[in-house]
Each structure stands twice: as C-alpha cells, then as structure tokens.
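Below are two forms of the same protein chain, given as structure tokens: structure 1, then structure 2.
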Structure 1
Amino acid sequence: MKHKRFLTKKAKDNISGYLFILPTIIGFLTFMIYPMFYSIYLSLMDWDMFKGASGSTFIGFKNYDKVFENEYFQAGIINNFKLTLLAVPLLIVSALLISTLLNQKIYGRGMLRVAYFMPYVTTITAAAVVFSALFHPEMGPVNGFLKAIGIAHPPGWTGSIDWALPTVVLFWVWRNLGYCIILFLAGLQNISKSYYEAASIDGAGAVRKFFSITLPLISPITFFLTITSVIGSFQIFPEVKVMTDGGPGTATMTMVFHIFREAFERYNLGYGSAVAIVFFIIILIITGIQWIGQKKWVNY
C-alpha cells in the first residue's frame, strides 16, 4: 500500500514537472538543438538559397577551407582579438576603480549610481548614432574640444583606419561600464567591514587594503565579469554595423560582421554557417582557457 502511494506521487511529480518545463523543452529543441545541428549540417553543404535542399550539394570541409583563406575572415579574427584586448582590460579596470571610489563615503552616492548606469539602458543603435556624430572627424564636438586644447591633428575616429576600432571600443566601454560598476558595488558591499578594521589596527593604508583585502575578495566577480565581457566583446555587432559598417577598409570587420554579410547580404548560407561554427569553437576555447586560468587568481 505504502509502496503504491509512493509510486503515484512520483508519477504525479513527473507529469507536473514535465508540464512545467514543457514550453522550454519545445523552445530548447526548436531554438537551440535544431539550429545547432542544422548549422553543422549546413556548413558542410554548398547551399543554394533559391533551390533549397534539393539543389544543394554536400562538399565536406570545403567551406572551412574557404573560411581560413578568406581575407575578411582573417581581418575579422585579428580585429576581434585586438578589440577584446583593448576593451576588456579598459572596462574591468575602470569599473573596478570607479566602484571602489563609489563605495567610499561620498555625497549623493545613489544619484551617481543612477548616472553611471544610465548608458547601459540606452538603445544601442540610438546611442551609436549619437557617438558617430560626437566623434565626427571634421565637425564633431570631441575633436572640437581636442583642437581647443591645442591638439592640432586630432584622431580621425570612425573615418580613420587606425582609430575606427578604438572608437568602437570607447563606445562599448561607455555602454557597459555601468553594468560592471553595479556588480562590483554589490560585491564590495558584501565584504565584511571587520577585515578593514583589523587591517587598520595593523596599520595598513588605503592602497594596501585595496590590494590585500578588496581585490582577492571580489575576484569571483572580476572573473565572472571578465569571462562575460570577453564573450560579449567577441559578439559586438550593432556597434560595428551602425558606427562603421565594418570599415574603413576592413578596419572594423569582425567575425560576426562577416557572418552577417555573407549569410544575409550575399546569401552564402553554407559558408556563413561554417564561419559561425568556427566562431563558436574559438569562443569555447577562449572560455575554456579562462576557466582553467581562474584557479590561479580567483579565491572562493
């Protein structure tokens, strides 16, 4: 009797459990699993957009050969690494610095928090339009200011091969800074004051406290933000599309931009899928390296 009742409860739990997750199971299969495998399949095909499956042929890894030979992909992968190496350290270090200062006794902390976080809620494309105008090489107020303080030849920003990528970086950091500041602040507020008091008794100064207490104790958040920012910076798309459209030349061409252009402007769906798979594998490798590397510097 008891045994039988146990079974009914289990069966009931199974039924309701699966009903509760039913929408997500359908979503998981339709929007995750199916596209993932279909992408792999597509990447091995010479896909004719207009004839569909019947007019398409299996070509094995030929698309992948093309990926690595393609000059836009080569430019894209280099730019992606440059972008991440410029943007992520700038983002994390400035967010850490500002949040540490915001965590001190200051006036109007709440209002400042609101101000720093505001760029994060702005519509990316609208803000990108504004940045393009602000950083306009000839007329923009930023260069106006630089000329006013005596810089005769200010950077050409989005119009210049050397400066286009840094301009995208500046925009991206501006927009994401608030998000990182808020997460750091939440972490900083979780650190018990007693650590700092004990350090004060031992005669430690502010700088010493920061490096010996604050930095190690918020390292899990720093790690989380680094890993998500690296992935995020690799996926930059609207910023590039609106501000530079990949140019000038290939100065801001990224892997994602390359995927977009090949698949949706030139309808090379097979080739585009191959780039997407390569892109995915690169992200996996980078995340894996960071995951292994964390043991050296993250304290839980």
Structure 2
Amino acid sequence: MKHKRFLTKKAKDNISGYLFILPTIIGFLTFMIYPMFYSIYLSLMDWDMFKGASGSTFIGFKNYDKVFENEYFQAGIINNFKLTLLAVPLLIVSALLISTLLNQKIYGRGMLRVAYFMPYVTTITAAAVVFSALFHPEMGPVNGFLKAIGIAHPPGWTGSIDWALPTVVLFWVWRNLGYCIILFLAGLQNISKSYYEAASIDGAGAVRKFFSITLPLISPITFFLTITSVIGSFQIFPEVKVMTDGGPGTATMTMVFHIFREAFERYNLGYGSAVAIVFFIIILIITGIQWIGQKKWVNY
C-alpha cells in the first residue's frame, strides 16, 4: 500500500528556505529591531544607568525638547551636512574616473586595483592612526613635502578648526574609494561592446560615448553607491573618534559622536536615545528624497 506523503515537495522547499534565512531574521530582530524599540522607550525616560528601570522615571517628550536647543547637536547636524556635501560627490566622481581608467588595458592594472582596495579591508582605527601621522601639522611627511616645495605655512590639518573637517573627509573618501571602484568596474565590464561599436559607426567620440552610453547604463550602480555613501557619511564615527575626538572645538563634532558622548561617556541614555531617534528620522527623510528623485535619472 502506498503511503501518502506528509509534506509536499513545495512545502519542503519552503521550509528549507525559511530555515536558511532564520539566522538572519534572528540577528535582525535581536540586533536591529529590539534595540530600535528599546531606544524609543529609553528616549521617553529619565534613565538611571546604574539603577535600571526601577530607578528611572517616565518624562514623556522632555528629552526631545532639549535636542534642538543643544549646541553640540546643532554643531553635529551642520558638520554632518557639510561632510556629506563634500565627501559624497568627491567619492563618487573620483571612483567613477579611476574605475573608467582601470577598465582600460593599462600596465599594472591588477596591482592598481588591489592597491585601491587595500584601505577598505584595513581596520578603520589602524588606517586613521597612520593617516593622522601622515598629516601631522608639525612632524607629518605631507607638511614636510609642502614646505620642501616652498609652501611656508601649510595647513594645520587635524589641529586646525578650518582644516579638521576636510581632513576627515579626505580620509573617509580615501578609505571607501576601493569599494566604489570595484562596483563601478563590475558595472563597466557588463556593458556590451556593441553599444560602443554602433556609436563609433555614427561618429560619436569618447566623451559622447561616456555621457550617452556609459553613464546611463551604470546609473543603477551610481544610485546604489550614492544612497549608501550618504547614509555612511552621516554615520561616521570611528574616524572622528581616532583622528580628532570631535575637535578642535566642535569643528568635527558629528551626530553619532554626539550620541556616543551623551549615552556612553556622560551616561545620559535618555537624551542620547532621543537624539538617536531624531537622527534616524533625518536619515529616513533624506533617503526617501533620494529614492523619489532616482526615478528621473536611473535607468533600469
């Protein structure tokens, strides 16, 4: 007698699929969703870190009232926007130009690809320490070179109020350049040569091919890198912590650094959580605007 199977093949496939993604779902719920809702809870409390919930009181939205009046929050949000406006265009344009060059048959192309990608796989702390040493205002080799070529008063880099933020921008762009180059190279190598051959027959030059063929066909990758780079630039923290510690003054104070200092150095978890929620909403709005805007220039 033939026994009826308890589960169909489709049901078994579905169960196998859910089992494969189960670790990711557990990790997402444990390390993303739970902390997010717990932060919302903390932001409504005058939280005593050493007594926990039993020693804390519910204060409603009073922590949120303090957020926009705080001078460090104001400095952090202004610096974050400056950093994003400087770093993201510089990163995307540099990565696109270098990847276009590396897509050509040039000598040492493989070695150059590895060299550009090395900073991305190096730990941020180690790379930031080396970068700080290179750009040391007094003893760094960069200023030594500038003095050698006749610049008597080179920039103060991380020790200068005017140059500290641009120095952080340079480091962030240098470290993330390799990742963007790899993705752009993947996109460039997937463009069919027949498009360029047809354009050549029509008499198009290299510049016309770049703007009429290359840029439109890699626009999905450009959009992906832009949206992730904007989010990444707003979340910058270890670079600032290692290179400038938020200074001099508030020159390199960022939102995440402000949250870290309030929550884990001053143990003001309620206020720190309120800033984190406001920061999350700001990034959500910016990402939403980018997502709506991409319909006008991204070709899928």
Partner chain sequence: MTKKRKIIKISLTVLLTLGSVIMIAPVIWMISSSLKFEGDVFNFPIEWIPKAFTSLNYEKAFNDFPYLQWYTNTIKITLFNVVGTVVVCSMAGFAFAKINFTGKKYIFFFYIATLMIPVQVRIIPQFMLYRELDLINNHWAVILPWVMFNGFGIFYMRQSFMSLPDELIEAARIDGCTNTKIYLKIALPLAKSSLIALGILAFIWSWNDYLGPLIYLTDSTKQVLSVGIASFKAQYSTNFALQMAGATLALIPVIIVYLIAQKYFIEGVAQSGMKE
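All residue numbers here refer to structure 1's sequence, counted from 1. Here the structure is a predicted model, which is why all the values come from computation and not from measurement. Take the two forms, superpose them, and find the largest set of C-alpha atoms that agree within 1.5 Å; that set is the rigid core.
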Structure corresponding to the form predicted together with its partner chain: 1
C-alpha of residue 28 moved at least 2 Å between structures 1 and 2 on rigid core: yes
Displaced residue check between structures 1 and 2: residue 17, CA, 2 Å or over, core reference: yes
